[in-house]
Structure formats: structure tokens, C-alpha cells
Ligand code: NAP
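Shown below, as C-alpha cells, is a lone chain in the form predicted alone; questions about how it binds or moves come after it.
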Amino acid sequence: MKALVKPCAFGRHRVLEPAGALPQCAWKLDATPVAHENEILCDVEALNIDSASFRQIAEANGGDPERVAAHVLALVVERGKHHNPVTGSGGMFVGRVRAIGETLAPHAGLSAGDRIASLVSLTLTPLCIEAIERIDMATGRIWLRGTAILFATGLYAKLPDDLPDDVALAVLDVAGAPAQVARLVQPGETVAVLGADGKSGVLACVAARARAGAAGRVVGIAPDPTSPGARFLIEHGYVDAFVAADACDVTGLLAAIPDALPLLADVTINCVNVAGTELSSILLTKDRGTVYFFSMNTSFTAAALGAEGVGKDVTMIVGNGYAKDHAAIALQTLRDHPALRAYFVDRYGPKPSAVASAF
């Protein structure tokens, strides 16, 4: 491992190339499984690959779990982290604390043996994989043996006792969505959620419903109104309307929304896991309204130039996955909504081993 007199709180001492970069934008990290004085070394049990990244990897490998496993392993060996060069995104891990550096230990609130979920992206997390054991192609979860490093500034959450691990991991992976929606939406406002039937979209709709209140309006948008997420939102009243439309098809979307959004949205939340949905989000939104791009497939260039090209004066916010107390807010959202909790347990909870492909 490279030696640095004083390890950096942001992890710069782990960067192998290019020189001077911080871990997230670095090409390659040193993932040697030793805890420096300001690091936490974890034994990794599973990765939750972000939706955009896993979809791209799965499609590139024909949906074959063994090829997906080989792709992920090769990527981590090459870069020392899981950083998809196509989508630029990663995911998160769940694991058990093995060791805590001596200067960090008094402040970490952790002990060796604690089970945690990382709340920082795998794109900046030094990761070493010994073996991939199985993959759930439906959820993008990968069980493995390996290690990961968290830096002094790295966020994490202890896994809660009242929720299955798989459910907690699914929620924490998108914890920024409900917390940011609660900040952005005001009582009585109209909210549109693109990609409403995915896990971040469902949480966003629930948070929007709670924040907008009875006087507000929440509209979910996704291609398939019969998907599990869409059915849940409709049946439990978390949306006032559900529009079956493809966010990549701007013309088709605009033709489908007049009844559901006659005055357009005060706030639009983009949770879509494919590229090319920036202009749809912008055109759904009122002038001086807000678009929150939670999707990791968002192009800043397409959003900025698209808004300019159609003459839309909207505030556009990059989907920062972190908001203060976002993990606690997201988990509490499940506790506050029993139907939501039941949906997540059914959708993302432990499954028979036949569901996941073993190696």
C-alpha cells in the first residue's frame, strides 16, 4: 500500500491514479484490507448495485447472472471499487465491522462486529472481492465475500433490529429520495414522479403524499400501470392519478398527461433508471417550479440546454443522495406506513434461494 504520513479524511491516500484526485473521481483505488488510523475496515456480505448501473450491466451481459458476476468482479479488480464507467454510478454495501482505526474509534459510535450499511457510493469505496456467491437479477443485489474501507467522512447506518436486512438495505440505498422530497414539497402543491413504480419512486410518492396533504396532488408516471409498484400506489391512495407513459418519449408523455396534470407540477421528481428523460421532467413542470433529478442517468448538459431550448424557467436540483438524517427518515417512513412496509418486505425481503442465481 502507498504510504502517506497523514491519511486524508476524504481518502486521498487510497488513490492510485490519477495523482491528486479524490476517490470518487479517481480511476483506481488501493483496496488493501487494512484499516488506517482514520478508516473502518468491513467484511462485506452484499452489494446493492444502483438501479441504473445494474440495468446497464445486466443488458450488456444478456441478463446472464454468471456473466454479470464476471463483469462486476473484473470491474472491481480493475478499479479497486465498483464504479461503472458507463453510468458513472455504483451502489452501496452491507457488512460487518472488522476493525476501526485508532484515531477514528472514539468517534465512530461502532464496535468490531457491528453490522452496518454504507451510505456513501461504491464509486468512492475501496472494495476487494474474494468471491461472488449469488445474484438476485430482480433487485440488483449481489452476495459475496470481500472487504471494503470507509473513510473518516464516510457515512453509514447500523442495520435496524425491526426490519429484515434485505428490506433495510433496499430502503437505505435510496434514502435520499424521501428526505429530499419532504424538503422540496409544500402543502397543497402538485407533484409529478417519473419512474414512480421503482423503489425510490414509491418512497418519493409516499413522502410527497404526506407532505402535500389532502389539498395537494400526486401523479405517478411509469410505462406499466400494472407493475407491483404502480398497483401499490394506486390501491393505497398514494397517488391521485397514475399515467402510463414512457419518460423517454416526450411527445407521448405530453399527450398522456393533460387530464392528470392540467396545470403542470410544482415539483417534479425524476426516479427513472434510463437515460434521456431530462426534457420530459422539465416540460411537466410549471415555470418557476422545481425539478429534482434523483436518477443517476441524468445528463447535466441535456437538462441545462433542454430547459433553455424550450424556454422553461425551472429550478433544477441534482439528486444528492445525502440529506441530513436521511437514513433515519427513510426507515421511519416505512414504520409510519404499514402498507409501505408490507410492500417492501414482500418486494425486497428475503426470498427462497431459487430466486437468486448461485455460483
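Just count from 1 along the sequence shown to find any residue number. Small disclaimer: the values here were computed from a predicted structure and weren't measured.
Just so you know, the form predicted together with the named molecule exists too; it's not on screen, but the next bit is about it.
Not displayed here, the named molecule is approached by residue 273 to within 4.5 Å at the level of heavy atoms in the model of the complex. When the named molecule is considered in the model of the complex, residue 216 lies well away from it, no heavy atom lying within 4.5 Å. Contact annotation: residue 174 falls within 4.5 Å of the named molecule in the model of the complex, judged by heavy atom distances. Using a 4.5 angstroms limit between non-hydrogen atoms, residue 197 touches the named molecule in the model of the complex. The stretch that touches the named molecule in the model of the complex, counting heavy atoms within 4.5 Å, is 292-300, out of 56-64, 292-300, 309-317, 36-44. Between the named molecule and the residues 164, 88, 252, 223, the one pair within 4.5 Å by heavy atoms in the model of the complex involves 223. Checking 144, 245, 100, 122 for any heavy atom within 4.5 Å of the named molecule in the model of the complex turns up a single hit: 245.
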